[in-house]
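Here we start with a single chain on its own, the form predicted on its own, put down as structure tokens.
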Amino acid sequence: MLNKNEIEPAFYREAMANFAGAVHLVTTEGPAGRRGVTVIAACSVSDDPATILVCLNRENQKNDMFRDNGVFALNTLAAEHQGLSADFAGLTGKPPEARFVADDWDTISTGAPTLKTALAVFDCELTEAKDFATHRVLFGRVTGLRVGDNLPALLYHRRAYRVL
């Protein structure tokens, strides 16, 4: 057991590696530009009004596009999207402008890119952005929704992709 004053970032990251999470692509498009990143730090906040949150590394200035555009879509990935997830995570070296070429994209209500083959899509208007430590928490009111096919979900656990 560690004293709360002894928790170092490396120990925290090691513990969080045991935190299994659904894999999502969070996307935006608007006056600030088009961007998409892979995340597992996302969850439901409320069903009335339908609201979700997404955590993004704010040390990457390109992530300011999400705040500046005021819209984002959370696309929940199926097992078949592992390669797409790796592309948007920057693991494959594919340039950001080429990442949207793979698969089939459209828009629902906000203009943010939505993945047609996602398990679920939550299209959101940004209602609040809170900076905390290294991350920015985006709160979005869901204005568009799509439920996809019932396929195996893509998870991330112990620094590797898993299938549920």
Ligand SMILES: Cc1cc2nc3c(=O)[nH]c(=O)nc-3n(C[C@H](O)[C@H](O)[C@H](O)COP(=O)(O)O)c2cc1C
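Just count from 1 along the sequence shown to find any residue number. Just so you know, these numbers come straight off a predicted model, no measurement behind them.
This next part talks about the form predicted together with the named molecule, which is not shown.
Heavy atoms within 4.5 Å of the named molecule in the predicted complex are found in one stretch of 45 to 53, 32 to 40, 101 to 109, 120 to 128, which is 32 to 40.
For the chain shown alone, residue 83 is not a contact residue for the named molecule in the predicted complex, no non-hydrogen atom being within 4.5 angstroms. Proximity of residue 62 to the named molecule in the predicted complex falls within the 4.5 Å heavy atom cutoff. Taking the partner from elsewhere, residue 88 is found to have a heavy atom lying within 4.5 Å of the named molecule in the predicted complex. Interface membership of residue 135, defined by any non-hydrogen atom within 4.5 Å of the named molecule in the predicted complex, is confirmed. Residues are counted as partner-facing when one of their heavy atoms sits within 4.5 Å of the named molecule in the predicted complex; in 134 to 163 these are 135, 156, 161, in sequence order.
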